[in-house]
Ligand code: C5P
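Here you get one chain, nothing else, as structure tokens; it is the form predicted on its own.
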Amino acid sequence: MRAVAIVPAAGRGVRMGSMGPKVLMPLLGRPLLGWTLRPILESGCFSEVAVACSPDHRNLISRFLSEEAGTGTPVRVIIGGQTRQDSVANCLREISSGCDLVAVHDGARPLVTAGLITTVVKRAEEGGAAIAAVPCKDTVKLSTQGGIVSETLDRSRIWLVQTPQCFRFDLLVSAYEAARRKEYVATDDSSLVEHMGAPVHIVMGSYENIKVTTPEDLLICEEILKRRVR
């Protein structure tokens, strides 16, 4: 099975207070994207990696990737779109033929492990679609528009979804085409596949596999990485 990884990395880091690409913010002296790509490449699952970035940051990202070269796995830059969904769609159109599986992992999730990536890819190979997720620890409530609790959900059935998410290539392409026709927008790739009625299998993720969104998240990542290095 030939697999390709897509890394959406077009975020501008507004909530981080960054003037440049969020994925190039320093994390223990190294750009965040470098930490994200390392386990993807070390997993040995992929014949190619596509990094989606904004047009404004293409030269910066390309320069960084050229400095990180040397793994033997081609890493290419593809111009993303206005939304994450647009960015992944652009990458799907650019991926070379002969791909069986495609995994999507957020560029701003630098604490993923090669082991988790491999497990998700293998589950997708078996079942067609798989995602990393962790059980919800907190009580979750729905509210009205006015902020009044309307329902308390059964947290034993609630999972907090992460990436990587991996799918049969033809399945994900079909899901994106259907979403485009129906003008359906989702916050992750799994939602598009679910919208088609296809089953998506859950793989136990890690509570450390956080997405860097605010400055506090960087501090958490630093502490976890320091612990891993020791």
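Keep in mind the model is a prediction, meaning the values are calculated, not measured. Just count from 1 along the sequence shown to find any residue number.
This protein has a second form, the form predicted together with the ligand, left out of what is shown; the following refers to that one.
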- Query: Pick from 123 to 131, 150 to 158, 83 to 91, 137 to 145: which stretch has a heavy atom within 4.5 Å of the ligand in the predicted bound form?
  - Reply: 83 to 91
- Please state whether all three residues P8, G11 and K211 have a non-hydrogen atom within 4.5 angstroms of the ligand in the predicted bound form. yes
- Query: If you check C99, A108, V77, L116 against the ligand in the predicted bound form, which one has a heavy atom within 4.5 Å?
  - Reply: A108
